[in-house]
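Below you will find one chain, with nothing else, as structure tokens; this is the form predicted on its own, and questions on how it binds or moves follow later.
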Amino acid sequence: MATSADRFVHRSNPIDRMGRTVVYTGELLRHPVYTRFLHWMVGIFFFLALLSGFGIYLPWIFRFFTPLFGGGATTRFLHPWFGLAFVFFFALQAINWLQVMRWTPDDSRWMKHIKQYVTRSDSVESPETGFFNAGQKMQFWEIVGGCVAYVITGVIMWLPEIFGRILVAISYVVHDISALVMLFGIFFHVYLSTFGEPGTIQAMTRGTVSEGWAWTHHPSWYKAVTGRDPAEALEEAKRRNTPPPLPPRTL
């Protein structure tokens, strides 16, 4: 039985009407225009905040970043606004994805096989993997926690005369550690969406994925949206791709 964590239900809004998603034969709709818009806004403002932050806090290493933003003073002015924009757009995405990001017993079972996922010893995900797997959900909630940390520590650092030196010093440490943890997760996300799992990035560019990608990486979601058994679909694809036997040779 499909659960709310297996299938993403999206209500159309004005941003969806600003673009379009073309689903060709053999493809499934993965992410509508609104989701893709939020995803790229989150990514853009994350890296703007990251680069400006490196230029501010480690100028002896990353001093070449500050000219990109108009100099040191302008970089210091823009950095908190980049951060707020990142948190704002991710908050919208969190609301958008909240239903499918709930932790389920299936996710706990997925975590027990995370070694096979990392080493890619299993070519197909476990059958209960829904719209997002447990690893994706963990990263989502890590970013939620990071955003909370950014807002709290960012406000303290923004207004040092109110909170005092001790809180400001602690905030610098928490802020920087949160950024490094999130940066590691983002790099892993970029790797998986490009080289690690070919065909994934198409979900955030065109909004669609192939049926083969769906039954390989998210079998339960595939079954929820198509009504077909992913294992049977895989076997059918194998039969189609198997060349016919050669005719017997005659002497």
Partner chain sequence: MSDRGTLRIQQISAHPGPVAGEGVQRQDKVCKLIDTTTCIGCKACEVACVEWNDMPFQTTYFDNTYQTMPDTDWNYWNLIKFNEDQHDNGSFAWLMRKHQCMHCEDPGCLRACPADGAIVQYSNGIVDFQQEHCIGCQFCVSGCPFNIPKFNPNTKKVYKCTLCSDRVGAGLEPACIKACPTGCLHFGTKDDMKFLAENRASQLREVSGFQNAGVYDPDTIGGTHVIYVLHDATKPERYGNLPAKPRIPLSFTVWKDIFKPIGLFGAMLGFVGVVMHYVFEGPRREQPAPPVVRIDPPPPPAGKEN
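Model, not experiment: these values are computed from the prediction. Residue numbers count along the first chain shown, from 1.
Omitted here: the form predicted together with its partner chain. The next part is about that form.
Chemist: Between A237, I15, A231, V23, only one gets a heavy atom within 4.5 angstroms of its partner chain in the predicted complex; which residue is that?
Modeler: It is A237 that has a heavy atom within 4.5 Å of the partner.
Chemist: Using a 4.5 Å cut on heavy atoms, which of W103, Y117, F163, F88 is close to its partner chain in the predicted complex?
Modeler: The option sitting close enough to the partner is Y117.
Chemist: Does any heavy atom of G72 come within 4.5 Å of a heavy atom of its partner chain in the predicted complex?
Modeler: Close contact exists here: in the predicted complex, G72 approaches its partner chain to within 4.5 Å, heavy atoms only.
Chemist: Counting only non-hydrogen atoms and a 4.5 angstroms cut-off, does F47 reach its partner chain in the predicted complex?
Modeler: Contact with its partner chain, no.
Chemist: Just checking whether R76 would be counted as a contact of its partner chain in the predicted complex - the rule being heavy atoms within 4.5 angstroms.
Modeler: Because a heavy atom of R76 falls inside 4.5 Å of its partner chain in the predicted complex, the answer is yes.
Chemist: Since only the chain is shown here, I'm wondering whether D107 would be in contact with its partner chain in the predicted complex (any heavy atom pair within 4.5 Å).
Modeler: Contact with its partner chain, no.
Chemist: Do any residues of 210 to 230 have a non-hydrogen atom within 4.5 angstroms of its partner chain in the predicted complex? If so, which ones, in sequence order?
Modeler: S210, G212, W213, W215, T216, H217 sit within 4.5 Å of the partner.
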